[in-house]
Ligand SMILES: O=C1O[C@H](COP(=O)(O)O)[C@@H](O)[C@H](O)[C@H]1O
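Encoded as structure tokens, the following chain is the form predicted on its own, with no partner shown.
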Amino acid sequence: MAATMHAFANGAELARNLADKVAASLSAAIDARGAATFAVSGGSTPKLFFQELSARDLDWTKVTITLVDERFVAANNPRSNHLLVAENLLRNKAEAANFLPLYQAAGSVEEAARLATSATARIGNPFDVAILGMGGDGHTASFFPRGSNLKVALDPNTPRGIITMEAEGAGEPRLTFTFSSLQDAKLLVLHIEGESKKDVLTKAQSAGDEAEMPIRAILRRAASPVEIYWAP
């Protein structure tokens, strides 16, 4: 499925435009079936977008937000994506949204993945909106090059849900939605900023192995068109 590039002058302009697009998509889902589902990513890139979106006027009580992926750390850990979302998105008007975390206080990351799969199964699929990021190594979600479960994560036949991932560059063990869970979101966005990320994207769009740059799986095989939002 082809990707469409939306380029903006700066991060603030990108944040406003992406917030407009996402708010419209969530509102359309609420109008159509009375509910909307939204998967977001962590990292520093989405902070301004989260803050913009949090002030948008829609019926947030009918929106369920979850995470594309998460570190196996508690919600108060500074490296938690949950904490990032709580501080930047689940505020203002968006404070009324329903949030489903991936982290579970379980004895192992594998048990947490099972619990998170069960908890998130009830929100239905596909997602109305999924926002992905991309690392300098070409990872997206927690699909890391040489990741412990990368082959399973990228296999389209792997069921929807949460699996574990460990990788050299990942730090803590990770919980991540599978490719099959993300690739058919009604609005599928890759949000990247900076010239270096644009260079990584250019490399990912060329010939090469998905295991080397897992973002290629999304760019090449997603059922939904990938909307790329980029600013310098």
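The structure presented is a predicted model; accordingly, all values stated were derived computationally and were not measured. The first residue of the shown sequence is 1; numbering continues from there.
Keep in mind that the form predicted together with the named molecule is not shown, yet the notes after this line are about it.
Student: Which of these stretches, 156 to 164, 140 to 148, 113 to 121, 96 to 104, has heavy atoms within 4.5 Å of the named molecule in the predicted bound form?
Tutor: In short, 140 to 148.
Student: Report whether all of S44, G135 and R174 sit within 4.5 Å of the named molecule in the predicted bound form, measuring from non-hydrogen atoms.
Tutor: All of them do, each having a heavy atom within 4.5 Å of the partner.
Student: Taking the named molecule as it sits in the predicted bound form, is K197 in contact with it (heavy atom to heavy atom, 4.5 Å or less)?
Tutor: Contact check for K197: yes, within 4.5 Å of the named molecule in the predicted bound form.
Student: So, in the predicted bound form, is R71 in contact with the named molecule at a 4.5 angstroms heavy atom limit?
Tutor: Yes - in the predicted bound form, heavy atoms of R71 and the named molecule come within 4.5 Å of each other.
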